[in-house]
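The chain that follows stands alone, in the form predicted on its own, written as structure tokens.
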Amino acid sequence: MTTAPGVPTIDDGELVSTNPATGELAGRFPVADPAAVTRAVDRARAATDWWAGLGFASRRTRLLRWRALLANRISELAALSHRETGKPIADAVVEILAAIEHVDWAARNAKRVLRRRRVRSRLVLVEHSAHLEYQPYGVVGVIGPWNYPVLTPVGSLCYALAAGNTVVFKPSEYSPAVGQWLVDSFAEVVPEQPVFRAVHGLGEVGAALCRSGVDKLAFTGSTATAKRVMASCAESLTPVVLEAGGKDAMIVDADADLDAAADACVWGALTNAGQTCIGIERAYVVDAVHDTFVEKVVAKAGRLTVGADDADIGPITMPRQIEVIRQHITDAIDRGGRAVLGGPEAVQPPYVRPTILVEVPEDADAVREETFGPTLTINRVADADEAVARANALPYGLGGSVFGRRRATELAARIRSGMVAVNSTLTFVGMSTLPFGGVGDSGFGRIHGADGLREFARSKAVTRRRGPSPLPAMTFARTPAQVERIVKMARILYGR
């Protein structure tokens, strides 16, 4: 069997994964048909009572053991990620470190966030006490992406596990080896039950997982696929968390530290070869500092190395994405934009060299559509208010960045997005105490932080009568005199 490097192939019932740059075999994994997906969910469901019954303390102990395993074998996992996706090892190490931080936080904070807690009663029902408790859903399905094959799925599954759920994970067909490594390593520290399982294959396996009877599903991927996932899950009213596409913008105000802004912009736009959902794909720079900022970005981006192994920028993992990147660059230039670094000739499959575009019309694909490559548009604006308007003009709303001093916090609040960084880029993804997610075409629901823990637990309200009712409203035994007293109470409490 021969196949193009990096293109997932089904051979004799197995998913074959190869390196996008070299074609080196990364692994072969049995493809799950719908019956196999259902069996995986059934086995995970059989383990739910045991896993939930361990309680927060025992789950914490096991999750922290997994955290330690990940930390001690970080080089092994980073090398596998590099071999399968082409991601530079240094980028893989940073990604895994962020994932480890999330495992640690979820394990340590699940009890605090999700423990049963008393809720104060109100005067209208003073005879009742109330409490709130959080219960695990049961089996959570996770469909992961290939661009961050460790951090992104771990950002869902470790919070789901900490909340007491079991997990069935469908890794991307472009990174099944990394996904299986995560499952196998977890089984080393939790060997008793199939708490965390994987199913492999192409898109139809993900569709089968949506229809398999999981109790909640977390998906990360494109907006178009997120809509199909949501439609499939709607058939059974399965709740979803959707982290979809982005076209994040950076705003650079006139009083920004331009050296810091340029450095962060280059990192935010070009790390992982630009294959980052929260990557900076657009920059809006106030006229007074535009030219200087462009010069600094070009100088920094121009020094980056491209290639395999020790390069700053590795290959494009999905070969078909290369044509999207090429089309966006060509369209931008055809519409009057200029390449001040790179350009159409920067596309050299399986690599794309950094490309910085200026004066690109706002209706160009390079501005409006997710490019997912090492490209960046930088456009001049009269002031930061115009920059905010342009940043908010698209239906996406995942992340964003603002560089400035006097107005930076105000501008950040006005960006329509689920997350924003002030005088940095992408930092919110590594901040385990904060929720992660978008608005609009970037999806909904949250992973990470306390909101992420609550996302994978059902809230349950409980009231308990602790005495007779002074004003028996909720009974057919009430008398006209009591109803009149209820009316008087309502006027006293709420009538002014």
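Values in this document were obtained by computation on a predicted structure and should not be read as measured data. Heads up: residue numbers just count along the shown sequence, starting at 1.
This next part talks about the form predicted in complex with a small molecule, which is not shown.
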Can we say G27, A92 and Q180 each have a non-hydrogen atom within 4.5 Å of the small molecule in the predicted bound form? no
Contacting member of L202, A254, A71, L132, with respect to the small molecule in the predicted bound form [4.5 Å, heavy atom]: L202
If you check P374, G141, P171, G400 against the small molecule in the predicted bound form, which one has a heavy atom within 4.5 Å? P171
For the chain shown here without its partner, which stretch in 301-309, 242-250, 116-124, 76-84 has non-hydrogen atoms within 4.5 angstroms of the small molecule in the predicted bound form? 242-250
Please check if F436 has a heavy atom lying within 4.5 Å of any heavy atom of the small molecule in the predicted bound form. yes
Considering only heavy atoms, tell me if R228 and the small molecule come within 4.5 Å of each other in the predicted bound form. yes
Under a 4.5 Å heavy atom criterion, is A207 part of the interface with the small molecule in the predicted bound form? yes
Quick check on C277: any heavy atom within 4.5 Å of the small molecule in the predicted bound form? yes
